[in-house]
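Below you will find one chain, with nothing else, as structure tokens; this is the form predicted on its own, and questions on how it binds or moves follow later.
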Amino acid sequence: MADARREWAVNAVLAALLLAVPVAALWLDEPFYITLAARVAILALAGVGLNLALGLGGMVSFGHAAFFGVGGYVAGIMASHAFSGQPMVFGLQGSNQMLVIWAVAMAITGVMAAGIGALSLRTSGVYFIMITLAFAQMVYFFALGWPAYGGDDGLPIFLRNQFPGLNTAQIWDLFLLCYGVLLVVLGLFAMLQHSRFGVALQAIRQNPTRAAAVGISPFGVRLVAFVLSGMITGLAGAMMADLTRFVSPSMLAWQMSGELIVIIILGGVGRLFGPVAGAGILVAFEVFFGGLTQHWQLWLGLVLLAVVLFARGGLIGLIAGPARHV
């Protein structure tokens, strides 16, 4: 119980810190740091998606960049057609409404995740990793050779998409939106983790044979988790496209999948606020150490190595103690 209370205290501090930094930046008139906080929130959201598959289900996916990038391209393509007034495929109209874009992005990435998962989950271990990577690379090269939407030059979003009641052109309003969505998805993750489905998923991660013996379908439960994971990551991709007002094939590259895995490991695999801690560490290294040296990844790699060797539970585990298992 003490470890659980300590972890909730750490989670509360992280949530407060993510809000306090942009509040201070707003007071000091430093919009750059508000943008950084919004980026942390979006990367953390993508990390929550991967954490569902990796942290709860033990599925080491190296292809989540596909869902992240497709979500971004959905936002970019729909905004582009809404701006130009030209219809999309099958005569469908574009949209500049975030709620519509998010729904479409999650639907498309959900269907993608179902197809990829149905094939990938028939394997395990390194074969699963390589198959998910292969699917992501196929999507990456497709976007790279898609001249209608910029190809390797990417696709700009001229006007940021809209959300009811907010002025998303203002970075503070956009941060509040990103922060709110992150908290909602974290709440859903916590509910799922302690639900019957979440318990079954964690039991399958520990011993799929024993789980099958008591009537749990490892393939079906993992597939549902993989689909939900892809949808959350796709939502994060759509939000990142609006933050940067640009979409490019780099969102689909294998390096993006690697960043998401690094975020999970740094914060703590399976921990509720692990993605928040990991995203904060990654962005801090990228911005502050990146301003000092172009080899900032070296220092991040040393920190990652130290976490793997001496703090297997990530930053959350180091502070709050070992996680409770099913």
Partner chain sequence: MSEAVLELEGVSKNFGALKATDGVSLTLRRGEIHALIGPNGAGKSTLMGLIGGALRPDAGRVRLDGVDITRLDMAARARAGLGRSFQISSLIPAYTVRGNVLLALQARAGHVFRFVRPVARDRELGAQAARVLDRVGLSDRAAVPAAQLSHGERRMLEIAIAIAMEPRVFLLDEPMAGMGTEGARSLMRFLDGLRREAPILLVEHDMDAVFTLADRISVLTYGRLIATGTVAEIRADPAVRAAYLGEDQP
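Since this is a predicted model, take the numbers as computed values, not measurements. Positions refer to the first chain, counted from 1.
What comes next is about the form predicted together with its partner chain, which is not displayed.
Residue 203 is the only one of 118, 203, 166, 129 with a heavy atom lying within 4.5 Å of its partner chain in the predicted complex. The contact residue chosen from 224, 108, 183, 100 relative to its partner chain in the predicted complex is 224, the criterion being a non-hydrogen atom within 4.5 angstroms. Contact between residue 207 and its partner chain in the predicted complex is found at the 4.5 Å heavy atom cutoff.
Contact check for residue 195: a non-hydrogen atom falls within 4.5 Å of its partner chain in the predicted complex. Among heavy atoms of residue 213, some come within 4.5 Å of its partner chain in the predicted complex.
A residue is said to contact a partner when one of its heavy atoms sits within 4.5 Å of a partner heavy atom; residue 148 fails this definition for its partner chain in the predicted complex, lying far away. Here the chain stands by itself, but in the predicted complex one stretch of 195 to 203, 158 to 166, 249 to 257, 130 to 138, 195 to 203, has heavy atoms within 4.5 Å of its partner chain.
Taken together, the three residues 290, 293 and 305 all stay farther than 4.5 Å from its partner chain in the predicted complex, as judged by their closest heavy atom.
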